[in-house]
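Given next, in structure tokens, is a single chain: the form predicted on its own.
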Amino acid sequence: MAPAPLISVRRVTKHYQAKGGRYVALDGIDLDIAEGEFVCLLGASGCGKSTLLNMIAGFEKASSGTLEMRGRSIDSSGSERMLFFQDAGAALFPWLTAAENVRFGLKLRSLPRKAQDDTIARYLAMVGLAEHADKFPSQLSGGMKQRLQIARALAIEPDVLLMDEPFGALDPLTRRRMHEELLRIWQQTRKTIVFVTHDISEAVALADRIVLLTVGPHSHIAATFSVDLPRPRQSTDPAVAALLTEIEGTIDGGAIGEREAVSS
């Protein structure tokens, strides 16, 4: 018997009141996410993938249907689910050093100072920022800020990392390096990751499984793709190229919308 999913989404619908009536953003979403799995939600802007991520985080409530984690209803935010945003600079505290940004969540957990120091050192080293502990966010590059955001999240030991296009604002080279860093950290920690993107290549490079959403209104899951390919993955690999082609071939009838999902 297969183990129970860590996260279970059943018949979830989300609608908003808008001018002219009700707007149905998500319609009938069914999704299971296993512990330790790396899942990418793929779709165009406006397809509802960030809304779904916010509901898994507990920041938004479903209009109907259920969301559960380990069999318990997700009805509020919690430290076991950590949400990342694209703009790491806005998420970090600019008046605190890198080390003190990581310490912030640890202080809320009332850990002894020595335990805090050990945890800060461990996770700054894990993300390659040990030598930058005393720098402020304004002194860090975009990629370093994202790594600091990851360190701060990992320090409070969440079960799930929820990432909303976290590398979208980075240049292509830094973005590829962050893919490598994130995969290294994921392979080391085996945290469950739910990652939102509109970039097919990014999804294929990172995910164990890709969930393709249609364009709204009434967005739903168009298809799922298991990515059972060794990492690192290169677009020149015939198996990777075949999967990219398969996903692109599924993007018809407006599943992504104006080919917004791109291979880069």
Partner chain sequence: MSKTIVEWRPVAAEAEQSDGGPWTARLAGLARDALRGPFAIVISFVLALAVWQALSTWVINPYMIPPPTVVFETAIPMFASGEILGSVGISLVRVLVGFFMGSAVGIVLGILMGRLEMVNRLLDPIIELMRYLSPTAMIPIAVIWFGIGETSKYFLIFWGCFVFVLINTAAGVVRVPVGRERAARCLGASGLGIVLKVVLPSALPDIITGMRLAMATSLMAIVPAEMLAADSGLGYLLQTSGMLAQTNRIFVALVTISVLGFILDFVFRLIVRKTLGRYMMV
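Positions refer to the first chain, counted from 1. All figures in this text were calculated on a predicted structure; none of them were measured in a lab.
This next part talks about the form predicted in complex with the partner chain, which is not shown.
Counting any non-hydrogen atom inside 4.5 Å, which residue from E35, E60, D32, E68 sits next to the partner chain in the predicted complex?
Among E35, E60, D32, E68, a heavy atom within 4.5 Å of the partner chain in the predicted complex occurs only for E60.
Only one of A169, L96, L111, A130 has a non-hydrogen atom within 4.5 angstroms of the partner chain in the predicted complex; which is it?
Result of the distance check: L96.
Is there a heavy atom of R152 no more than 4.5 Å from a heavy atom of the partner chain in the predicted complex?
Looking in the predicted complex, residue contacts with the partner chain include R152, since a heavy atom lies within 4.5 Å.
Report yes if any heavy atom of T189 sits within 4.5 Å of a heavy atom of the partner chain in the predicted complex; otherwise report no.
Contact with the partner chain, no.
Using a 4.5 Å heavy atom cut-off, state whether I156 contacts the partner chain in the predicted complex.
Within the cut-off, so yes.
Can any non-hydrogen atom of M82 be found within 4.5 angstroms of the partner chain in the predicted complex?
Result yes; M82 sits at the interface with the partner chain in the predicted complex.
Out of 98-106, 189-197, 115-123, 169-177, where are the residues with a heavy atom within 4.5 Å of the partner chain in the predicted complex?
One stretch meets the cut-off, namely 98-106.
Does the trio N54, S77 and A91 actually contact the partner chain in the predicted complex, every residue with a heavy atom within 4.5 Å?
Answer is yes for this spot.
Relative to the partner chain in the predicted complex, which residues of 129-146 have a heavy atom no more than 4.5 Å away?
In sequence order, F136, S138 come within 4.5 Å of the partner.
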